[in-house]
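Next up is one chain by itself, shown in structure tokens, the form predicted on its own.
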Amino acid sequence: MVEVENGSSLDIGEIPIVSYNQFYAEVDRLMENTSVHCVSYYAVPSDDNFTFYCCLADDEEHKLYVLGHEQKKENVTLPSLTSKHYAFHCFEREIHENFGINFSDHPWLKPIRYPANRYNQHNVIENYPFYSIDSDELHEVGVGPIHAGVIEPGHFRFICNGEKVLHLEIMLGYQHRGVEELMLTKHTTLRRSILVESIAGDTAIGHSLAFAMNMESLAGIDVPDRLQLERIIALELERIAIHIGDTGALCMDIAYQLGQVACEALRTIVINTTQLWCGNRFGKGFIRPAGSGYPLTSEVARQVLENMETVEQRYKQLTNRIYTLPSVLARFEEIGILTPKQAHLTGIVGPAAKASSHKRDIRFSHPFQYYRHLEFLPVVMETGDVLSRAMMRRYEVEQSIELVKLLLKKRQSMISEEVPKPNYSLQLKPNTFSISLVEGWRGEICHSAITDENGNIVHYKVKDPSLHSWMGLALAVRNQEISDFPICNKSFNLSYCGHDL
């Protein structure tokens, strides 16, 4: 294997391509360490072969490893890593769906995304193989296929004994947009920049930053500290806004209207702050490769600080009330528990992982941009229930506001440092592999790219944190009342479109 840094690139020939037996043994050895998880695993087809690339992250040693294997295109069947390390299930399912590669002992080898160019065109939404139990005492409940709130497609199939959920299967894939293919056909950097902002609309800054880091590493560009600092201020504003909005949404699901409307008002202050800065409430247009069209001015910085102090004061008052109300606690405590073991086995990332005792945060484990100059420690909780995931948002909002205030103070010493304009004509290094990880508000975002001998991007891979975490929701609702599903779902708040690229 070869060790890489977050936001870096290396010659494609430096990645060790070994036999599958060697690959399996090495991955198995590393995954025995509970601090290691799989960041991304995918196959790249050529004329005669499939080349597989796998990136593993050691969160305690702060190291990233890349290694691979190669297989002929003829009737490929491989022993499944999922059978020993279940977190690989989503990666192997995607590889199987895309290319028809079989994993002999995979426990759940079902379609995951339904891309238009999938290997088996007979696999369609209408014949999805839902798990079922033959019993006169059980019944099934279907929810979807359109989410009533976000108006995005997804189907939830419950098997219930009375009101108690025995099993939930989540099936997505209705709207597969072909983002990764579009990243190859949109040949200009500007078009690609606009495209990545829509991978998940509520994570425009997170995905845009991962893309920009990829492009800059492929072009051999180091951006100045001031630009790095301003980018992560924007990233933290995105985190603050969504977490506050989620707090309000959780209140809405238990009919606590005061908490809902007050959080909505505070969220508006935050997203209007982003709009004041770059002209868009969701940060679209702000992050661009190699530079920025919206350097942070002293006047905007003053307004950001003023707004954050206002939000901090009001949010603390509000959450002190929310999380001391017996009626709220009765609906949140010991509901939708995801145990630390379940979180580890399924590879959960982001706040859901941290709420279940796992210190999984890229800002800490594999720092990027200006986080490299900060001593960051993530918030970690233990109970793994709805209350824990709700409180995680509270503590991360408070932490992020303090971080924004600190960064604004550090920026004062950088005012003379020029912020370059974006560069949409970057010359990318040939035959190069790049990888970038960003801690979005949902968790670990991963973008990786491969260039050919002319420096053109020939493969682009995107992983939204939701790909890891939907299975966590399915486990958390087991043995719960089906009426608790809405707040369990909201406490994870995963992305339909981020999963269904």
Partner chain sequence: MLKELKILFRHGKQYITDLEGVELTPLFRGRPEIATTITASEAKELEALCPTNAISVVPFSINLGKCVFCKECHFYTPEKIRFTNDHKIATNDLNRLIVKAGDRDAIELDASLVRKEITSYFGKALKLRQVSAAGDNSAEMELNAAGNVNFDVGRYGMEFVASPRHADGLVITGPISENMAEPLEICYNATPSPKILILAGTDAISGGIFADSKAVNRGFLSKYHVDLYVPGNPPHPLTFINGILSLTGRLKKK
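Everything numeric here is computed off the predicted structure, so don't read it as measured data. Positions refer to the first chain, counted from 1.
Another form exists, predicted together with the partner chain; not displayed. Remarks below refer to it.
Student: Within 4.5 Å, heavy atoms only, which of 430, 220, 145, 129 is in contact with the partner chain in the predicted complex?
Tutor: Of the candidates 430, 220, 145, 129, 145 is the one lying within 4.5 Å of the partner chain in the predicted complex.
Student: Consider the chain as shown here, without its partner, and state which of 194, 415, 160, 426 has a heavy atom within 4.5 Å of the partner chain in the predicted complex.
Tutor: Checked against the cut-off, the match is 194.
Student: For the partner chain, considered in the predicted complex: do all three of 173, 178 and 294 come within 4.5 Å of it, counting heavy atoms only?
Tutor: Checked in the predicted complex: all three residues contact the partner chain.
Student: Which one of these stretches, 211 to 219, 132 to 140, 80 to 88, 107 to 115, sits within 4.5 Å of the partner chain in the predicted complex when only heavy atoms are counted?
Tutor: Correct option: 107 to 115.
Student: Report whether the minimum heavy atom distance between residue 268 and the partner chain in the predicted complex is within 4.5 Å.
Tutor: Contact with the partner chain, yes.
Student: If you check in the predicted complex, is residue 264 within 4.5 Å of the partner chain, heavy atoms only?
Tutor: Within the cut-off, so yes.
Student: According to a 4.5 angstroms non-hydrogen atom cut-off, is residue 285 in contact with the partner chain in the predicted complex?
Tutor: Flag for residue 285 set to yes.
Student: Does any heavy atom of residue 407 come within 4.5 Å of a heavy atom of the partner chain in the predicted complex?
Tutor: No, no contact at 4.5 Å.
Student: Using a 4.5 Å cut-off on heavy atoms, which residues of 469 to 501 contact the partner chain in the predicted complex?
Tutor: Going through 469 to 501 in order - heavy atoms within 4.5 Å of the partner chain in the predicted complex - there is one hit, 497.
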